[in-house]
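A single chain, nothing else alongside it, follows as structure tokens in the form predicted alone.
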Amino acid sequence: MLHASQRARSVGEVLQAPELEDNEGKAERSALRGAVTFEQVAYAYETDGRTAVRDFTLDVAPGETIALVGASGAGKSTVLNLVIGVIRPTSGRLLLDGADMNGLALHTYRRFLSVVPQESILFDGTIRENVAYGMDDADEETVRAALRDANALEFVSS
């Protein structure tokens, strides 16, 4: 089993690495509203055939906050990995703004995606590098705004 920091690093690597999947001929995204729809999604792990998610149906409206709560092994991480595109449903459909995720160039979608782990994790590097992780073009005001939004600007400034 991966430690939380290893999982976060893996998610971060996926968000930064468009070469992990074949995006040729798939629809690119320059903007997203943020609607996510699971239509009777199931996912079974190939290694042991264990079904982690079964008949999962959910509509998430743009701007809506959803919390997945459950015991260890209930499928919470699997649902996150489905949304990120690390894994694909073994049955059912996952839609982003009404488009089937199987037809999307995921590297263009991931520019709009952020993952906040349950446990705070800092990567090696400066505070600025941690705040701007995945945003290569983040200027100083963007970083300061993110720190302000996280109620961390005063602490970091001192």
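Please read these numbers as outputs of a predicted model, since none were measured by experiment. Residue numbers run from 1 along the displayed sequence.
Keep in mind the form predicted together with a small molecule is missing from the figure; the text below concerns it.
Trainee: At 4.5 Å between heavy atoms, is Tyr45 in contact with the small molecule in the predicted bound form?
Mentor: Result yes; Tyr45 sits at the interface with the small molecule in the predicted bound form.
Trainee: Taking any heavy atom pair closer than or equal to 4.5 Å as contact, tell me whether Ala105 reaches the small molecule in the predicted bound form.
Mentor: Judged by the heavy-atom cut-off of 4.5 Å, Ala105 is well away from the small molecule in the predicted bound form.
Trainee: At 4.5 Å between heavy atoms, is Leu113 in contact with the small molecule in the predicted bound form?
Mentor: Residue-level check for Leu113: no, no contact with the small molecule.
Trainee: Evaluate Ala52 for contact with the small molecule in the predicted bound form, applying a 4.5 angstroms cut-off between non-hydrogen atoms, and reply yes or no.
Mentor: Ala52 belongs to the contact set for the small molecule.
Trainee: Pick from 65-73, 29-37, 123-131, 93-101: which stretch has a heavy atom within 4.5 Å of the small molecule in the predicted bound form?
Mentor: Flagged stretch: 65-73.
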